[in-house]
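Taking the form predicted on its own, here's one chain by itself in structure tokens.
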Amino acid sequence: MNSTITIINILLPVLYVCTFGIYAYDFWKGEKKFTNSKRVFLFITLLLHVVYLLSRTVSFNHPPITNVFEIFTILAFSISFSYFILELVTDIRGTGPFIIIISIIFQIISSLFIKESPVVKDILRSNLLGLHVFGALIGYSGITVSAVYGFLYLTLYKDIKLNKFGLIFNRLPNLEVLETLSYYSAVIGFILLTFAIIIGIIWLPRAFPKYSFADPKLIGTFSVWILYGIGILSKTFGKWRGKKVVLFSIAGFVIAILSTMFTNFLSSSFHSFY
């Protein structure tokens, strides 16, 4: 691993922790001293993370998707990137600590254990595959962020019901805003998952001329995509509101996780490259 990549690998967890600290301070104190600077910190962290991912791709001649610790650093980026897009769209900046802390966990684990694989299969050197994996991971990250807002909604809902008006009540946006954030996150996830599926459809016949649509990974991914598509349409054109929306979001997230675990660990698939 060259010196630039090594340095950035060390810097990234530090930057994520600093960004989390600024967001957490504003949330805890409620003073909004860093309203603008915390977004700048997050942007700088994400920008450096992009440089890191591109540097690994160029230096090692393959996208960073060849082992679990490379996937973890993409997940760290994807989750905070999904939140960053959401913050730009909504201009609501008070919920960052609950999202960025997930990126910290993934990035610390990745930075501690990541290394270059001595042998990389030729298929993993495909940049089109890299785009497919990036799109899928960012899509699933949007789904994860949506579920986090769903849990925050339920926490605030419970506190209001119990007449507990503490820090959570004072700092979190109201229930309607949390529902909107959960919905927008799901939309972001759905769009990026759609992008990943389109790239996969283009790449798949080239890599596997004899592929089958009965592959468990394809079935699982399409099932999650259809599920969220139905949920988004029901919210947009139907009468789904409030608790029903966030419960659907959480249920969809659980189904996505279970589907991923089943297709990755309990079934055989041509997606198993490692």
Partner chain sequence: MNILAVSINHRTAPVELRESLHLNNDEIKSLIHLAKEELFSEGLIISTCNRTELYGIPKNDKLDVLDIQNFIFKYKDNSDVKPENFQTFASAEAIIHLFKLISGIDSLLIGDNQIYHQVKESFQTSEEMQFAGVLMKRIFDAATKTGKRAISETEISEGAVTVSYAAVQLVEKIFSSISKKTALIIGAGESGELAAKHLKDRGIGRLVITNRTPDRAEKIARELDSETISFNSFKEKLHEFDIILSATSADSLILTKDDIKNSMKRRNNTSMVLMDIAVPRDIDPSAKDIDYVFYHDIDSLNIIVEQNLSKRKIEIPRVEKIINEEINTFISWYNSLEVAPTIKDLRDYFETIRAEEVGKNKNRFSSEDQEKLDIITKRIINKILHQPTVELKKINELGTSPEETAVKVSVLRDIFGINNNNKENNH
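Quick caveat: nothing in here was measured; it's all calculated off a predicted structure. Positions refer to the first chain, counted from 1.
There is another form of this protein, the form predicted together with the partner chain, and it is not shown here; the text below is about that form.
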{"query": "In the predicted bound form, segment of 68-76, 127-135, 193-201, 161-169 with a heavy atom within 4.5 Å of the partner chain", "finding": "161-169"}
{"query": "Contact test, all of Tyr16, His49 and Ile104, partner the partner chain in the predicted bound form, heavy atom 4.5 Å", "finding": "no"}
{"query": "Option touching the partner chain, based on a heavy atom within 4.5 Å in the predicted bound form, out of Lys235, Lys244, Lys217, Arg39", "finding": "Lys244"}
{"query": "Any non-hydrogen atom of Leu175 within 4.5 angstroms of the partner chain in the predicted bound form", "finding": "yes"}
{"query": "The partner chain contact in the predicted bound form: Ile108, any heavy atom under 4.5 Å", "finding": "no"}
{"query": "Interface membership of Ile85, the partner chain in the predicted bound form, 4.5 Å heavy atom rule", "finding": "no"}
{"query": "4.5 angstroms heavy atom contact with the partner chain in the predicted bound form for Tyr149", "finding": "no"}
{"query": "Stretch 140-159 - residues with a heavy atom within 4.5 Å of the partner chain in the predicted bound form", "finding": "Tyr153, Leu156, Tyr157"}
